[in-house]
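One chain follows as structure tokens, the form predicted on its own.
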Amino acid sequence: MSEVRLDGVSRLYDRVVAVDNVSLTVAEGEFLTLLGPSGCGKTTTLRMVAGFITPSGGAIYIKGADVTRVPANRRDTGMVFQSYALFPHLTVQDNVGFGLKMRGIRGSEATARITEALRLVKLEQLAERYPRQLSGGQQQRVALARAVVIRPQVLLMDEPLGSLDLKLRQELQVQIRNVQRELGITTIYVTHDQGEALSLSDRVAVMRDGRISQLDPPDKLYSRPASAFVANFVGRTNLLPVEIVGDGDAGYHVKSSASPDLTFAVGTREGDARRPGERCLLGFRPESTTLAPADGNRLTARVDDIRYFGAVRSVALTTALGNVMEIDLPAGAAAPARGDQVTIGWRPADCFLVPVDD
């Protein structure tokens, strides 16, 4: 059963199209993330679901009911903002209980709900404090508790961790997911952080120019991107222009567009349907690429730079074809020096093909 459904939803500002004919469904209890760069339409889409913005076209349904023209305060949704939006003159427990008060829920029921919401976000001991006495992470947890205490059908979160440092973001990612799973609440989450989207979500909708470029589970999104944009936005990707030479049971054979004598093998992927002569881009991830490969695809390159990131060393190279690429080596592995000529390689099963016309 779909909890939320968008049917051809668009939003125009004068002649600028912010959201362009977006259709998607969010299942009951699902955690779906809208991911994309600034200006792609993800926050506008979320705010239309919340009721803060009225669509220029299309329809929005929650639990099968058309809420396209229903005011925000009459939709059964809870919203968590990046800016926290807490009342500075109210204590933690009063901030959390504000939505209950507006709904006429008071007394023992309100107290029980507030206590439970604070337990979910692990803030029971801070109930009497004011927002100014809390850290940024604690304030964001109060905002989360305030959103879930009203027991909404849908939880909406607009870049709630964007202003926090990396370690705190990672800690709160775990907490948000735990709360969402414990409550089983349908959640739509907006972020521009690829790692956040992949680690939190059941499915991710990658948006670009007001449209959904790809909507898939995180592992499929990463291993089988549908376009060069998705491949480059979700993680790092090496891309080579190629042409399909032929196919077989084991996959495709492609040749380099820059050097036709140079050929590569690509493992078969379910749903791929390409023809000989078709031009496309061959993609493979830096962590799937090795130095001095024993077998598989190979390419010579010059080492331009090496950067240390703790667990890995990122090696920047320029290939014999003139392409700039990256490979990741374990920090403890032997690393080449700048200027070295090396051979890099990747397995046919670890690469993919995307359209050249993106």
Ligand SMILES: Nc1ncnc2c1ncn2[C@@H]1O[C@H](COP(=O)(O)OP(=O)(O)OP(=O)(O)O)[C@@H](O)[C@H]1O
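Residue numbers run from 1 along the displayed sequence. Please read these numbers as outputs of a predicted model, since none were measured by experiment.
The same protein also exists as the form predicted together with the named molecule; that form is not shown, yet it is the one meant from here on.
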*Could you tell me if all three of 13, 16 and 192 have a heavy atom no more than 4.5 Å from the named molecule in the model of the complex?*
yes
*Any idea which of 299 to 307, 318 to 326, 42 to 50, 59 to 67 reaches within 4.5 Å of the named molecule in the model of the complex, heavy atoms considered?*
42 to 50
*Does any heavy atom of residue 37 come within 4.5 Å of a heavy atom of the named molecule in the model of the complex?*
yes
*At the 4.5 Å heavy atom threshold, is residue 159 in contact with the named molecule in the model of the complex?*
yes
